[in-house]
Structures are given as C-alpha cells and as structure tokens.
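In structure tokens, the next block holds one chain alone, the form predicted on its own.
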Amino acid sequence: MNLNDNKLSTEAEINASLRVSVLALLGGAAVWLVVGLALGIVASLTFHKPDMFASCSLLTYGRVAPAANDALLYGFCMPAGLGVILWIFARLGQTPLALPIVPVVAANLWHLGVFLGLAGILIGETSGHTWLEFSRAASVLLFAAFLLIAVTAAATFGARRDRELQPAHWFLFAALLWFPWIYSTANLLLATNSPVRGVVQPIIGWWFTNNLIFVWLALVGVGTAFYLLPKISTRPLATTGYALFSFLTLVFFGAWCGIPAGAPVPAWLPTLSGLAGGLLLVPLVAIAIIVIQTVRGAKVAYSGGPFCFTKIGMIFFIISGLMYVSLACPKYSRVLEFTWFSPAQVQLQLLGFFAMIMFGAIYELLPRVMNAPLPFPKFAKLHFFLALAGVALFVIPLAIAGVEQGIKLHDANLAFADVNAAAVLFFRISTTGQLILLLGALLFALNIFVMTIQWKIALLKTALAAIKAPLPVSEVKA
C-alpha cells in the first residue's frame, strides 16, 4: 500500500512540475502551427492567381514561403519537440522536472524570437539563406532559449531515479546536442558580418539544411516514437540492438548528406553525399523492422488516438526517407532536382512524419500533465483523419508534379511556361490539402487553449476560496 502511495505521489509530483513549462511551449507551438499553415496557403495562392497579392509586398511569394516554412519548423516543430523531450525525460527517469521555471522563461524567449524572425522576413530583412532567414536578434533568442531548455533536460536526465537508459534517451539526448552545434556553426559562417565566400557558402547551407530537416527531426521524432509505441501498446520495444544500430547509422550517414548531385562543387563532395544518402537505407530498414515488430499484434483500438498518430508518423518517416534517398541518387536527382519533388519531401518530413508524432505525443501527455481529460476528445480523433487526408492531398500531388516537371524539363522541345502549366492541376489539389491541414490544426489548438483556460479558471477558484476561507481560531489557554 505504501509503495502504491509513493508511486502515485511521484507521478502527481512529476505532472505538477511539468504543467506550466509544457503549456508555455505547446500553447505557442499551436499558434505558430496555425500561422505557418495559413501563410503556406497564401504562398500557394500566388501560383493560382499571381496578381492576388501583387499590391502588398508583405505577401509576395519570396517572403511568405520562407515565413511559412520557418513558422512550421521553428514555431511549431521545435518547441513541441522540446516540450515532449522534457516530458519523456521526467517520465522515464521517474523524477520531477529540474529547474521548472527555466523552461517557462525559455519558452517565452523562443516564441518572441520566432515572432521577431517572421516579422523580419515579411518586411524583407532576411539573410537569404534557406532555414536561416531569421534576423540576428531572433537567432540569438532562439539559441539562448534552446540552451536553457537543454540545460533543464540534462539536469532532469542527471537526476533520474530510474537509472536504466532507454533507446528514447539516445535519440533525444543526441538531439539536444545536435541543434546547438549545427545552428551556431551555420550562423557564424553564413549570417555574420564577415561570412565565408565562394563555393564553401552553399556547401555549408546544404550541410545545415540536411542536418536540421532530416537528422534533427529524425532524432526527436524517432526517439519519441520509440517511447510512445511500447508505452501505448504495453509491449517492450522490439530488438533493442537494432535500435542502437539504427541510432548510430542514422547520425553517421545522415550527417554527410544534402549536397545535390549536380552541385557546382568539387565532384567528390556530391559523390560522397550520394553514397551516404544511399547508405541511409540501412537505418531506415532497421527502424522499419523495430516498428513493425513492436506494433504487430498490439491490442490497441485504432480510433484516431495517439497510437494511430505515432504509427502513421513512422510510416511517413520511412516514405520520406526513401524519397530523400532517391534525391541523393544521381540517376534520379538529375530528373527530380529543381522540381516540386524536393519540397514535397520536406513537407512530408515536417507535417507527415514529425508533426504526426508530436500530435500523438501531445494528445498522450496533456491529459496526464493537466490531470484532466481533453475538452473535446472527438476533435482529437477527427484531427487524425484530417491530418492524414491533408498530408496525402498536400504531398502526393506535389511529388507527382515534381516527377512530371523533371521529365518535361529534359525535353528541349517544350517551353518552360508549358512545363510549369502542367503542374497547376496538381498544385490546386495540394492547396486543398493545406486547407484540410489548417482545419485540423485549428481543432488541435482549440483543445490546448480550452484546456489552458479551464486550468487557469480552476486556479483562480482555488485562490479565491483560499482568500475567503476563515482564519483558524487558536484556543486560548487560561
């Protein structure tokens, strides 16, 4: 009986320590998800009707498109991933969150940095480097906020009561080290007053993009899935040896990819990058085996809950990885580069793989951390089907358009305008997918905001009750 009481009190203590930090990170992430998808729709509409926003310089494609992508990555993916990392470290370690006030401060700094960065992009103050468009002030805020959260996560990891290391620890702790390294290196070499020049500049840009979009997202997403799948299915993670193997091969081969086959650089660089890209099949196969063996036979209801989000997210990861490998292969990259195929792969990595994993983790952790059910559980289930349909309608037409573009670009008899016109129909379907994704994001944000409001109202009622309660009268002894 005492052991059960201690276990319950520990879980309540862990949840209480995480509550404010998680809400600060995830609440802002939900806002930026809606903003990013809305900006993406605006960017898409410029292809359907180019003069729609011609009179407003803030909404031109060259500004709105990078703002939409950065809002999705830096506004939603990264704070959501950091919030989930804190929760997993506390839960696996059976210890309360260390330094709980630090992530709250860091979350506010992060969201302020994202706001300043997006505002700078929309008014034209940008570095011009892909995924590094934020101003220097915004980049400093993001870097400082990430370090604060990483320190909190490391302190929680060090104070864990359960000392056994799980596969999720390897992936998530590596992610905490990976981002400061690549982000500081890229900013110091590309976004300072004296950046590197010549052929080194695009090489660093490709290296940073690859390590951020593919490697970092893979570390956090796969690490989260390796925690959620066995937890929800109540089955141990299959083949732990494969998990270690997939982790080592992912970080080793993944770090060398990203340079296109036709890049105007020394030939050995795209050759080495293509070889590493082909070898990414090794961790992809290992991860696929782990997921299949873990979920096979699991008695979990497939009703659009966290298990469905996580399982579909891992399927999208394998598909996205295969698309990435095809882009690294010279035979196919000569056809697919400079087309919509590459943006399709990036959006599948962001919205198909990573966002789906985060949705599943958030729907799993919020009721536990807040000690209350979701305000609209049916919205969460509807969100799954909207997200699945939205990703399919968004990514598949873009990928098909990219293949068709690539084939027609190699036909010297076709005018470039005719090549672009062939992709218009697919682009319209893709915009429909974005609209569906936006609707699902609104349902997701509604659950978070209503839960936050309910919690604040409960706090207010508790405070008022404490104020109105009569003071205890002590007995006076004669």
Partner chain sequence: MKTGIGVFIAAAFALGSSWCGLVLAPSLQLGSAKLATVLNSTDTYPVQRNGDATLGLQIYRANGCAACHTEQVRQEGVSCEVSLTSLGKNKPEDFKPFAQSLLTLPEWLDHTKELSAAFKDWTGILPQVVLAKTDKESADKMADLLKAAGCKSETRIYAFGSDLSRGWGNRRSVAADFLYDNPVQLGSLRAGPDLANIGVRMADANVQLQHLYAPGAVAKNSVMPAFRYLFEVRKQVDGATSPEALTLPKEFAPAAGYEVVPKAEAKQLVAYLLSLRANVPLYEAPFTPVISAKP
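Positions refer to the first chain, counted from 1. Predicted model, so just to flag it, every value in this text is computed and none were measured.
One more form of this protein should be noted, the form predicted in complex with its partner chain, which is absent from this view; the next part is about it.
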Check: Is its partner chain close enough to Ser127, Trp178 and Val251 in the model of the complex that each of the three has a heavy atom within 4.5 Å of it?
Finding: yes
Item checked: One residue of Leu165, Leu188, Ala159, Ala144 in contact with its partner chain, assessed in the model of the complex (non-hydrogen atom, 4.5 angstroms) -> Leu165
Margin query: By the heavy atom within 4.5 Å rule, which residue out of Leu439, Ile41, Val419, Ala445 makes contact with its partner chain in the model of the complex?
Written below: Val419
Note to self: Would you classify Phe385 as touching its partner chain in the model of the complex, given a 4.5 Å non-hydrogen atom cut-off?
What the structure shows: no
Next item on the list: Report whether the minimum heavy atom distance between Val200 and its partner chain in the model of the complex is within 4.5 Å.
Entry: yes
Next item on the list: Look up in the model of the complex whether Phe449 has a non-hydrogen atom within 4.5 angstroms of its partner chain, and give yes or no.
Entry: no
Notebook entry, point to check: Is Phe317 close enough to touch its partner chain in the model of the complex, meaning at least one heavy atom pair within 4.5 Å?
Noted result: no
Margin query: Which is the contacting stretch out of 241-249, 77-85, 366-374, 353-361, given heavy atoms within 4.5 Å of its partner chain in the model of the complex?
Written below: 241-249
Notebook entry, point to check: Which residues within 320-340 place at least one heavy atom within 4.5 Å of its partner chain in the model of the complex?
Noted result: Ser333, Arg334, Glu337, Phe338, Thr339, Trp340
